[in-house]
Structure formats: structure tokens, C-alpha cells
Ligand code: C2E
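What follows is a single chain, given as C-alpha cells, in the form predicted on its own.
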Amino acid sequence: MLAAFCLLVLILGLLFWSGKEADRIARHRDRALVALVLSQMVDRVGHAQESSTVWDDAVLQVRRRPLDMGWIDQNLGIWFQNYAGIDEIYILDPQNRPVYAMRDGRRAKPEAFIAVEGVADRLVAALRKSGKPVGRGQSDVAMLSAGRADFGIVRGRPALVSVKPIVSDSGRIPQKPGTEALHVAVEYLDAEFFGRIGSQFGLADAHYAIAPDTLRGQRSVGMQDHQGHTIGYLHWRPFAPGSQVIAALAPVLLVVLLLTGALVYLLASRLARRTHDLEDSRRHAQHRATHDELTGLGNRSMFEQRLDEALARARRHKTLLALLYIDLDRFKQVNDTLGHPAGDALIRQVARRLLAEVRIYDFVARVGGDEFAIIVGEPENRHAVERICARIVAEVERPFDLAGSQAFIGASIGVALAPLHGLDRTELTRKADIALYRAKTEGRSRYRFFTPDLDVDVQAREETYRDLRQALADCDRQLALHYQPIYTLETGHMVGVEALLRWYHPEHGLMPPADLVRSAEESGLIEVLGDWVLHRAVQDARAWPTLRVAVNVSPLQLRSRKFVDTVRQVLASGAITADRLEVELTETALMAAPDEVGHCLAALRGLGVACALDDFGTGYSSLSHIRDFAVDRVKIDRSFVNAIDTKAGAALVEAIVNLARANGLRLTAEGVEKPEQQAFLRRVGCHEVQGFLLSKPIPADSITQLLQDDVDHDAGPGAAALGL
């Protein structure tokens, strides 16, 4: 009996110890997760601030007096509410006085900063006292600029307060360390934040309390600021598998004393499995933190770690290292055509093909939606890297089988070499990304090695972006609209004008319109530029009550939900009626996002605005486009007009005219430069023409003079050019 009792005590003791050990592992995992989440929150807010505080334009704007509040809202204030979910933003001048405030997505009085001073003042003082130079290349790898952040109580609520200097990204603007304007961000640790922690990281009933929770079965971690003051506690209900097992099995052991010998092995095995499962869960969580869930490849975090390690080895051993940045071509079409499940399957197949083309000790990572990176360690030479790139391009071009369908894509690759192109991770990835951009612009499905001239191109492009921002800050000084008259072939009278944008750069003179539009689209300024063109054209057209005005629209404008509202507001001003406004778009714009563009065109037509299909015949040239999108006018591209003197060209133009007329559309021919061309167009039934034969694009006041000549002679210059 004593032996049986001792055996039972031994079993119960072992069970109790194992359960407590399992609970300890679970508690350790929970506390590590909490520390990781709070650390990542600080980094996230700091990185979000750097998106606008490391910027020449921001330095110049905060020095202006008075401040341009609209610009500050869009770039340093309200924008952060929408972009990063930051609750409050303050800007301090070099004397630490608040000059701007934003709360909950609305501009507020700067005096609102009083509620934040208790936490922010010591951060500001520490940042000023450090005296460290700030700006690009002056900080550690993770951050572009120095900064201070801490937790505290703001307005009676726990919050993260982060202070960042507003500094130059180019280094061209002199700034004495410690005298920069400061950007203060406040993000509250509200119930939604703690609930999100709980759902994402398995912390049940996660919540905040001002005091430690004494309830049984609860765990808490004190949240402390840098001075060691506890601002509150994060509570959660711990995952305690060991206690659950003990509670379930201990009564059974007490009842079945005579069967303890048989049950020892069973219970010990079961507990071991539970402990093993918990350890597997921990390892799985760690694996998910460093690996892409879809492909099993390393994610961006692991990629950066491996690249740092590889660069350290390359520095020690003076060996070659290659970094490949890969972007899939035409992947979006697969997603749009076959659906996202097919897109996920395609990504997995691409990952397998990439792994097959490199050595087992090379590293492949998925760093974005359809972006991959490969670290090739110690290749023999540059030619070996070229062979790898060529194999990858060829492999990705092979068809992919997706649920019974075949998909064809390509791969563009940018390559940077260490130590030739640098031994710093940030610099090497930047140069690989520049090479990738050039590979895509040169035609895609190819690879491109970084060369110094590419860096010059990037700097020139960034300079153009900055110049364009400055031009848009004072549009009337550098930007202008010229108008090319449109004449009817029936009477020779001017019936409309097409608005054409001109940029007179203060240093480079007249900039090519195509370069201007491309720069605006790449820099995200196309909507601002397009709104200015629309407003200017409508205001100029007020003086021409008999003319319609045509405005070219970018695909990005048509895909924006704000565009239709902008047109509605312009028409509401009463400058012109809706039937005098016409938007021109290309077939490429139609196909870029057919659903979004179709909805936009339908809304415009509902306002009474006409829609014209520009450069018809140079894109997809499908009759279904005319039918599905219900355009009002077709504009024949100048390349077809120039080919009228050939038999094939004349037949093609006549076919386009017949096609449009059969669908009840108006026709305008562009680029008419010869009398023979306009005579042919009149003969085949084209309605309107424009081109240098009639008039080149001219300023608005010249249009007014042409209209007056038209009235005075009952048939103006257009009629004479057209032989009427």
C-alpha cells in the first residue's frame, strides 16, 4: 500500500511539475510577444514619420511664415491620420514652440500641444541635447534620421509619443544640429490596439488597466517609460495547457489508484505530446515571423538579416556577392483574369522555379506581392551571375499551368554587386532596385546590372519631381495651356479646341509634354496637375461660348474616385455648361482598369459631359471598346492621317470613318497638315479636323482673336485652309 501511495505521489508530482513547466513556457512566449509588439509599434511610427520629415520640401515649408496650412495638412499633418492611423500631429519650431496641430484627422489649435508637453518635452530636450547631425546617411541602418520616442499618459490615456526632426533628404539645405523643426506624433494605445494584439498574437482577453490585475488566472506586464515610471499594465488571460491537463487528469488519478501503474506511461506520454505541441507552436510562430506564409521562402525581415550576414562575410573575406531584385511582369493580368487563387498558385510555382535555378546555399526571399530577391554568395565572376539571370528569365517565361489554364508572364531583374556597388545593405538594395526599374522600362523580361549612369538618371528624375512640385506650387508662373482649334469640314467654322499643357522650366525651357505627364504620374502629382488643367481650361472657355473644350485625362485620374466630383464642382461654378466639356482618353487608359474607367465614364456622361476616344487605331482598336464604354467621339490618330497618300492607309482611314459613323459617333481627324488630306477626309465623311494646316496650338487670347475673325468674315481662317 505504501509503495502504491509513493508511486501515486511520484506520478502526481511529475504531472504537477510538467504542467507548471508548460505554463512557464507559455508565459515566456506571451511576454516575448508583448515586448516585440510594443517595440515594433515604436519603429512603425518612426518609419511613418520619416516618409515626410526627411524631405527638402518639408524643411522649406516649415520655415515659411505664415505656414501654408493646406500643404502642411496634406504632407505633414492630416495625411498621417489616413496613411498611418496617427491620432495627433504637432510641429515645433526651432524654439520648441508649437506652430501646427492636428487631432483625430482635423486641424487644431497649436495650444492643444499643452496636453502632450508632459511626455514630449523630455523627448525634445533629449533630441536637442544629443547634437547629432541628422539627415540621409547620418543615422543607423534602420532609420533615416535621429529621433526619440517613449510611452506616456496623454489626456488620461496611454499613448506612444514620437519626435522626429524635419530634415533635408538631399543634404543641400544647411541645418545646424539641434535647431531643426520637430515633428511630434501621438498614437493612443486604445482598446482597438490591444484587441488587435490579442487577435493577432493569441493573447486572450488582452486589455489595458491602470493597475495590476489581481484576478486569479490573469497575467500582466507593466508598461514603463524611459524614466522607469509605470504608465499602466497590459493584461491578458494566459494560455496554460499544463494547468488544464492537471485539472482534467488529477481527479482521475485519485480515483483509479489501482490502475496507476498502467496509467503512468499513458499520462506521461500525453503530457509529453502536449509539451511538444506547445514547443512546435512556438517554433511555428517564430517561423511565421521570418518566412513568407504563401511560398515558405524567407520574408523581407529574414532577407535583410541574411544580406547583412552575407555582406559581413564579403567584407571579411573580400569575396564577390550578387543581389538580384526580381519583379514579375504581367502578374496583375493573371490576377484580374483568373482570380487571386490562381495568382497565389502562380507565386508558389515561381518560387519553386527560382529555388531550382540557384545553389542550395544561395538565399531566395519573397519581399513583396510579386517581388523576389536572391542573394548569390561568392559567385565565380560576373558572367556566372549573368548565366543565373538568363536562366531565371527563361524559366519564368515558360507557361504556367493554373487550374487547367496556361498563364504567360515574365521577369525583370535588377542586379547589384558587392563590393563593386557598395558593402552597405541599404546602398546595395537601392542600386539593385534602380537596375530593376531600368530593366522594366527597357521592355521587361530581361536583366540589368547597375551602372553609375543609372544613379544619375534617378537623381535627374528626382530633381524633375522636385521641380514639378515647385511648378505646381505656383502654377501660373511655369505652367500654361495652349489650345489647338478644331474645325468642322461642313462649314469651315471653328467648333472646339483641345487644351494642351505646356511647362516652361526656369532652367531647361519648354519641357516635352510626354515627359511632363510621365513625371507627374510617377511622382503622384498627376491628380493635382490634372485638376489645374481642368479648372484653367474651363475658365478660359468662358470667353468662347460657341466652342467646346476638350481636356486630355490620364488613366490615373479616371481610376480616382475624386475625378468625377472634381468635374461636378467645376461645372457647378457656372463657367461653362456640361455639353461644352469633353474629356479625351486613350484606348490604353480604357484597358488599364476597364471596370473602374467604365464606371467613371458612365458618371461623366450622367453629368452631360462628352467622352472622346483619342489616338484611335494605335491601341487595341476593338469595336467592343466603343460599344462597352459608350464614347461620343472617335479621334483618328495622326499616324493614319499621314498615311492617307498610300492606298492601304487611305483604305484604313475610310474603314475607321465607316465604323464610327455606323455606330453613330462623331469623328475628328488629328494631325491634318496637307490640303490633300483634308480633301480626302471630307470626301469619306469625317466630321471635324485639327492640325497645323489649320492652326498650331496657340494661347487663349489668340483663340479669342480667331473667333472674332470668324465672325467678321463669316468664314474664318479655317474655312480658307479647308478650301471653303
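A residue's number is simply how far along the shown sequence it sits, counting from 1. All values reported here derive from a predicted model rather than from experimental measurement.
Keep in mind the form predicted together with this ligand is missing from the figure; the text below concerns it.
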Among 63 to 71, 687 to 695, 46 to 54, 652 to 660, which stretch has residues whose heavy atoms lie within 4.5 Å of this ligand in the predicted bound form? 687 to 695
Picking from 118, 513, 251, 574, the single residue whose non-hydrogen atoms come within 4.5 angstroms of this ligand in the predicted bound form is 513
So this ligand isn't shown here. In the predicted bound form, which residue out of 412, 168, 552, 162 has a non-hydrogen atom within 4.5 Å of it? 552
With a cut-off of 4.5 Å between heavy atoms, is residue 587 one of the residues that contacts this ligand in the predicted bound form? no
In the predicted bound form, does residue 615 have a heavy atom within 4.5 Å of this ligand? yes
Using a 4.5 Å heavy atom cut-off, state whether residue 75 contacts this ligand in the predicted bound form. no
Report whether the minimum heavy atom distance between residue 187 and this ligand in the predicted bound form is within 4.5 Å. no
For the stretch 529 to 549, I need every residue with any heavy atom inside 4.5 Å of this ligand in the predicted bound form, listed N to C. 533
